[in-house]
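We begin with a single chain expressed as structure tokens, specifically the form predicted on its own.
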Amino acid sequence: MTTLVPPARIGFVGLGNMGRPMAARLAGAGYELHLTDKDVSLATNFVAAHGGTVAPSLAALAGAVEAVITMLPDGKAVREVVLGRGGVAASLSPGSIVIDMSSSDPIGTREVGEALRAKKIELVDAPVSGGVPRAHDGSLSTMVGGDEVAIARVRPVLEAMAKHVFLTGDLGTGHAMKALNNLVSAGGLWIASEALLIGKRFGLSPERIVEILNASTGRNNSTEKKFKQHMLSRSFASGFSLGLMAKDLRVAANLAAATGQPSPLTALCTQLWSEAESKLGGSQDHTAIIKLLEAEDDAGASRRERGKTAFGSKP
């Protein structure tokens, strides 16, 4: 089997906030792209800007390419695109490769992999981390699980989109690592947000809090990349939704349950983010959770003030 170097024919399914710049990197590298999205206008606009072919159907896309990349909201959508009625598996040639770069459930990934292997098609899981800016400049990190020979064949494809390619092991380990990465990221964002509001109530400037955290041991990706840029600025435009973060945390929690690893903080973090998704809406940017914490802080202050008044009033 040949290594997939330009101008190899690649199918790309899913042209959302991350998918568009990732596909643009492939086009810029010289790959021949066949593209589709649930919103056909995204594919049409992409081709007008970067070249390639809008596939009229998943079957047509699969019949024209050597590998298919999926960049979709979750594993359920990936399963439908790959194995569903009219999905790509029915039209891909034996020896083809599906690269799932979505944040999918690792257990489900292994199930899809078994179904594809029966058709002599390999599945590689290669979720990414880094957000929209790093998708544009090609500096993403990708965590790659699957058959070593299949990974070697698609490595040039991955390197066109990602600066760091980490091999994680068997199929599904890439998706497991992505969920665990987002678990740590979400926990860091939440606790830093709480610290910010505690400090603000005590009289510290939020800007100074972030500055000191970033020069001290409390710094994390959120304090460095999200607080001033998207939270204190009130832009809430990191490009990653609250719903997707909450979904990834549920994947991590399910993984903990499947492995039998006691994880109380994982359970609490998943609960908090799921509640935030319910209260704010999954379409909100994930940095908007500060709005929820602020509202709860204001409500608490109001209750405390009423309590003081009641305590101090004369019968």
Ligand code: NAD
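Keep in mind it's a predicted model, so treat the numbers as computed, not measured. From 1 onward, residues are counted along the sequence shown.
Separately, the form predicted together with nicotinamide-adenine-dinucleotide exists; it is not shown, and the next lines address it.
Contact with nicotinamide-adenine-dinucleotide in the model of the complex, judged by any heavy atom within 4.5 Å, is made by just one of 250, 50, 279, 38: 38. Proximity to nicotinamide-adenine-dinucleotide in the model of the complex, defined as a heavy atom within 4.5 Å, singles out one entry of 128, 210, 231, 116, which is 128.
Although the partner is absent from this view, residue 161 stays clear of nicotinamide-adenine-dinucleotide in the model of the complex, with no non-hydrogen atom inside 4.5 angstroms. Contact annotation for residue 81: at least one heavy atom lies within 4.5 Å of nicotinamide-adenine-dinucleotide in the model of the complex.
Using a 4.5 angstroms limit between non-hydrogen atoms, residue 42 touches nicotinamide-adenine-dinucleotide in the model of the complex. Looking at residue 109, you'd find every heavy atom of it more than 4.5 angstroms from nicotinamide-adenine-dinucleotide in the model of the complex. Screening 164-172, 241-249, 212-220, 185-193 for residues having heavy atoms within 4.5 Å of nicotinamide-adenine-dinucleotide in the model of the complex returns a single hit, 241-249. If you take 4-18 and check each residue for a heavy atom within 4.5 Å of nicotinamide-adenine-dinucleotide in the model of the complex, you get 13, 14, 15, 16, 17, 18, in sequence order.
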